[in-house]
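Take a look at this single chain, the form predicted alone, given in structure tokens.
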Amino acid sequence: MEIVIDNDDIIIKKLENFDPEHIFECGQAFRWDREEDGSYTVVAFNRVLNVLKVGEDVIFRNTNLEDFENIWKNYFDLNTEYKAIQETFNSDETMKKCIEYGDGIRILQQDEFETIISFMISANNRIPQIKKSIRLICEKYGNFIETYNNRDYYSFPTPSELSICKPEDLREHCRVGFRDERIYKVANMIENGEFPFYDLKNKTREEIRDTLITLPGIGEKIADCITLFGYDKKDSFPVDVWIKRVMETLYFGKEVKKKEVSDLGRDKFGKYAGVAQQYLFYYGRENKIGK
């Protein structure tokens, strides 16, 4: 990985399998803004970063080498060779076609608590509203980070900071709707030690998933998303309505039960089922499958 430092820019020369649009537009994260120049501004781990792809190079702006090495390299999963992952799908012509559309996708390594709350908010919700609710939660309960491109950015609140919220404020001010009581309960269960949040990191996908679904407001699909995007379990295969329709169109040729889709996804794509799911999601989105 060839790194060039230019003031507050970190330039990675000829970075393969990396496209900010593919990464942020495939439904795995909600705290980003697309800028007029095609770049993406993202806030994570109390930092604000702007990412722009220019030709084969990727420019990380508003950062420094220390934060790139300690935060962003892991966040963007840059130590994982995605070309090697893609090669495990070589015998699947359908997946090869999906990869052509989303070649630059990487699985973001997100904060576990932020991922839990964010995907609770995502249930039966549209992406613009999800992003808005999360932004309002950060503004009300997080801490100011900085102003960048004329926008104020705030950190995502910790379990302790969010545990003092009032459900009615979450509903009325943060626009989370029926999820208000559930978010309040989850934040307090983690803060009070009623939920083994800090013990999950080294558990298996199945163990993490089975533990997460004991929380209020978290069903199987949301647990699978959190397991993949918050705990880096790439063998997780979340199935929502869209993925179900995409799989039915591309692999089944008929309508099937959700469990059949989930089982095929994990069996067919194995330890990289979650990466395959993202390629499928982006391909389905670009080709309006299931619309």
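Quick caveat, the model's predicted, so the values are computed rather than measured. Residue positions are given as counts along the sequence shown, with the first one as 1.
As for the form predicted together with the DNA, it is not shown, yet the points below apply to it.
- Using a 4.5 Å cutoff between non-hydrogen atoms, residue 125 counts as a contact of the DNA in the model of the complex.
- None of the heavy atoms of residue 198 is located within 4.5 Å of the DNA in the model of the complex.
- In the model of the complex, residue 142 stays away from the DNA, with no heavy atom inside 4.5 Å.
- Among residues of the shown chain, residue 279 is not one whose heavy atoms approach the DNA to within 4.5 Å in the model of the complex.
- For the options 209, 221, 106, 73, the residue carrying a heavy atom within 4.5 angstroms of the DNA in the model of the complex is 221.
- Not one of 135, 167 and 203 comes within 4.5 Å of the DNA in the model of the complex, counting any heavy atom.
- The partner is not drawn, yet in the model of the complex one stretch among 211 to 219, 83 to 91, 151 to 159, 107 to 115 has residues with heavy atoms inside 4.5 Å of the DNA: 211 to 219.
- Looking at 80 to 95, no residue comes within 4.5 Å of the DNA in the model of the complex, counting any heavy atom.
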